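First, one chain by itself: the form predicted on its own, in structure tokens.
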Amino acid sequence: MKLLHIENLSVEFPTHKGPVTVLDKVSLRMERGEVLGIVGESGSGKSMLALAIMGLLAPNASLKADYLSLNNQDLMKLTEEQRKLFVAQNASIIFQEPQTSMNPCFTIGRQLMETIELHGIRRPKKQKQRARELLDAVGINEPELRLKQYPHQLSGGMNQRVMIAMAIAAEPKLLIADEPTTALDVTIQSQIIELLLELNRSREMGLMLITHDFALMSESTQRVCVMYSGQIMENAPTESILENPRHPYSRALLDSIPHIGERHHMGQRLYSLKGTIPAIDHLPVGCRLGPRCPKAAKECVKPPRLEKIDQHGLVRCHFPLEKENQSEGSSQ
């Protein structure tokens, strides 16, 4: 059954030059219990998509969608207050910087119990019991002690576990993890990802994992959406994209990953796509990847559509890569 169904979602912000589009007709579907990866460079629109789903956009943002459904409820048919309440009951989000998401003036216990109270548990004794259970569920030892401590007294990994505990307090059907390991060291990163995957398995909770790290996607997700400049460029099963990416941008992201055991010639650098993501108020004509794409041709001045390519998945490209071109990329 569909947990999340989005059709042609767009987000605009007003500027002195007129409205600018930061998400352009994004469409995706997510099944219950699925682990979906959203990958792309910084500025590709990944976090904006998460905020749009959660209803956390800035007041001056304009959201439009043909269809936006969460847990079989069309959110576009609800009032703003009804939408906020429904999303809060069915979805949660974890941000990448736990220290900036928590109040340094209050104890872990107070902040966690406030979250629990918002979800219907009123008695302080019950709140504290639930708080201990949640800390235990996310692998924090000595939960009684941690409830009395402040965020600065905990490590980055522990603070992120506390944020996860807050996020699962309402038993959400969908958990969005927006770069959840960026501020953590490598060892703690793997622990946090394993925790999220365990929660996904044990609670049959949909997990949307947002990152710019394609290597992380390969180990954790069943399907990947590759985003660039506010658009989805490729949407396919993870294994299919890893073995045979059909969009030049997906190919470039994979070619930029260093592989253990590979030796490079002296002075040779890892492959990187030339240029940078365009500013939202200076988008190129036609394909947004066009100025950076090694496959660009005159046809690319026309905006490509996101279309199904054989058994692979959806690709937004006039000239999708063929299977025999899989190894092509770094030689471009």
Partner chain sequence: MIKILLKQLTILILSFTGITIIFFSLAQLVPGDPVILHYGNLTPGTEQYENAYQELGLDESLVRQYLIFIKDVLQGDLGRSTVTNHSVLEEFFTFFPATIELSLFAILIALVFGVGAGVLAAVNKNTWIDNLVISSSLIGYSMPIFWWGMLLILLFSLNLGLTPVAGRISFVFDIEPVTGFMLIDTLLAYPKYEFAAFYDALLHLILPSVVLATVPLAVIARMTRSAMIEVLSADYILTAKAKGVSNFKIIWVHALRNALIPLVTVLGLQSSVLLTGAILTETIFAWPGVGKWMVEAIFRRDYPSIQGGVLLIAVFVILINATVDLLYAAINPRMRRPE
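Every value quoted in this text rests on a predicted model; they were computed, and no experiment measured them. Positions refer to the first chain, counted from 1.
Quick note: we don't show the form predicted together with the partner chain, though the next part is all about it.
S.K.: Check each of 191, 73, 149, 182 and return the one that places a heavy atom within 4.5 angstroms of the partner chain in the model of the complex.
M.R.: So the residue touching the partner chain in the model of the complex, by this definition, is 149.
S.K.: Taking 4.5 Å between heavy atoms as the contact cutoff, choose which of 222, 103, 155, 256 touches the partner chain in the model of the complex.
M.R.: Flagged contact: 103.
S.K.: Hey, of 240-248, 196-204, 95-103, 128-136, which bit sits against the partner chain in the model of the complex at 4.5 Å between non-hydrogen atoms?
M.R.: It is 95-103 that comes within 4.5 Å of the partner.
S.K.: Check residue 114 for me: does it contact the partner chain in the model of the complex (non-hydrogen atoms, 4.5 angstroms)?
M.R.: Looking in the model of the complex, residue contacts with the partner chain include residue 114, since a heavy atom lies within 4.5 Å.
S.K.: Taking the partner chain as it sits in the model of the complex, is residue 118 near enough to touch it, meaning that at least one heavy atom pair lies within 4.5 angstroms?
M.R.: So residue 118 counts as contacting the partner chain.
S.K.: With the partner left out here, check for me: in the model of the complex, does some heavy atom of residue 236 sit within 4.5 Å of the partner chain?
M.R.: No - in the model of the complex, heavy atoms of residue 236 and the partner chain never come within 4.5 Å of each other.
S.K.: Any chance residue 215 has a heavy atom within 4.5 Å of the partner chain in the model of the complex?
M.R.: No, residue 215 sits far enough from the partner chain in the model of the complex that none of its heavy atoms falls within 4.5 Å.
S.K.: For a quick test of understanding: in the model of the complex, does each of 9, 30 and 77 have a heavy atom within 4.5 Å of the partner chain?
M.R.: Heavy-atom distance to the partner chain in the model of the complex: none of the three under 4.5 Å.
S.K.: Relative to the partner chain in the model of the complex, which residues of 36-63 have a heavy atom no more than 4.5 Å away?
M.R.: Going through 36-63 in order - heavy atoms within 4.5 Å of the partner chain in the model of the complex - the hits are 51, 54, 56.
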